[in-house]
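The chain that follows stands alone, in the form predicted on its own, written as structure tokens.
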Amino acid sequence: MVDPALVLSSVVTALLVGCIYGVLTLGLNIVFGVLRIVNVGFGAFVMLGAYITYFLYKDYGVNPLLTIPVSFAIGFALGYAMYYAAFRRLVGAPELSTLLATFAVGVLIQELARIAWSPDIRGFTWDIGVLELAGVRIVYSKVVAALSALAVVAGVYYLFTRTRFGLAVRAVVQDPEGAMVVGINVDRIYAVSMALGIGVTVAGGSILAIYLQQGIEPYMGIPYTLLAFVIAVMAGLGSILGSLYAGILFGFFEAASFLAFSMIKDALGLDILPYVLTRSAAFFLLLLTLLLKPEGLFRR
């Protein structure tokens, strides 16, 4: 017999963590959607955002919510500098070149973080209350993190669909040469788009830190790189709003898989690890998506 409270708790967790997954994947999709660069160094920027929130809150007492725009600004500046320092020459280059470049940048950032902040696992506690509802314990800080993720996604969606900049970006994605002919500075659009993608990723790292509050270390972003690629493929690489939909869908898939494997373990007495099997199921979902809907579930 399935405990209704456990099911409800899983649904709430899936919804909240799905929003976090959505905003993390959004940064990956912006960079790919505009520049066609696959950022395999993605996890390093997530880690950077988590450290920014940690240090600002622990050392200076800054409200964790206020660290999100700070992280975005730092990520934006970093992405802008990265574009002109290296990636400007890689727009339109073979995929292997961009993969190696982003991988190198990610490793560099991780190792600099390890040297500067040590490999020790850190954490903080931002307790703003708990809601007990129908036997389910809902932590307010996790709700705030999920709402912050939704706000970031909504802001990016508005930017790309309701502004002149968004119109220029869509023109560049559709036809770079034609956009250049009508006076759009294509190089600048690429630079700002990469800066925006990295900025959103670093801000997503801050939101993740608010949600988890523990486990902050230089290599914490590696698992989220793998998850972000799974979700990005589900959404459709380059799909902005689809990142949120796929993130939430994946959150429910992850919660359902963990619950199912836990029940199988208890019922059959098997020596299995539900969490590990849930991660394996995620890649099975990736394979299934590639076979049945390779363009993604929400591709536009």
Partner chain sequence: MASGGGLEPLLDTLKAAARKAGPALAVYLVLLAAYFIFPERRQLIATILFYALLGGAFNIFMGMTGYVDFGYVAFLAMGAYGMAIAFTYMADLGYWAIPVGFAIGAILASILAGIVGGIALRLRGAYFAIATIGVNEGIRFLIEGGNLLGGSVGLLFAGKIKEALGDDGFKMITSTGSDLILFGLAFLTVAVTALILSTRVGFALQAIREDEDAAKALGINVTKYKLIAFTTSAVLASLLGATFWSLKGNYVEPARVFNIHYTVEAIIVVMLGGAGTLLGPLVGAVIYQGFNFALNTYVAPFLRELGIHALGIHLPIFALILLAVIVAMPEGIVGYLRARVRSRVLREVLA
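What we label the rigid core is the largest C-alpha set whose atoms superpose within 1.5 Å from one form to the other. Everything numeric in this text was worked out from a predicted model, so none of it was measured. Numbering follows the first chain given and starts at 1.
The discussion below concerns the form predicted in complex with the partner chain, not included here.
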Can you tell me whether residue 15 touches the partner chain? I mean in the model of the complex, with a 4.5 angstroms heavy atom cut-off. no
Any non-hydrogen atom of residue 66 within 4.5 angstroms of the partner chain in the model of the complex: no
Is residue 175 part of the interface with the partner chain in the model of the complex - any heavy atom within 4.5 Å? no
Answer yes if any heavy atom of residue 62 is within 4.5 Å of a heavy atom of the partner chain in the model of the complex; otherwise answer no. no
Choose from 69-77, 165-173, 147-155, 108-116 the stretch whose residues reach within 4.5 Å of the partner chain in the model of the complex, heavy atoms counted. 108-116
Residue within 4.5 Å of the partner chain in the model of the complex by heavy atom, from 245, 55, 253, 32, is 32
Can you name the residues of 254-293 that have a non-hydrogen atom within 4.5 angstroms of the partner chain in the model of the complex? 271, 272, 273, 276, 277, 279, 280, 283, 284, 286, 287, 290, 291
Rigid-core frame, C-alpha of residue 66, shift of 2 angstroms or more between this form and the one not shown: no
Would you say residue 274 moves its Cα by 2 Å or more between this form and the one not shown, aligning on the core? yes
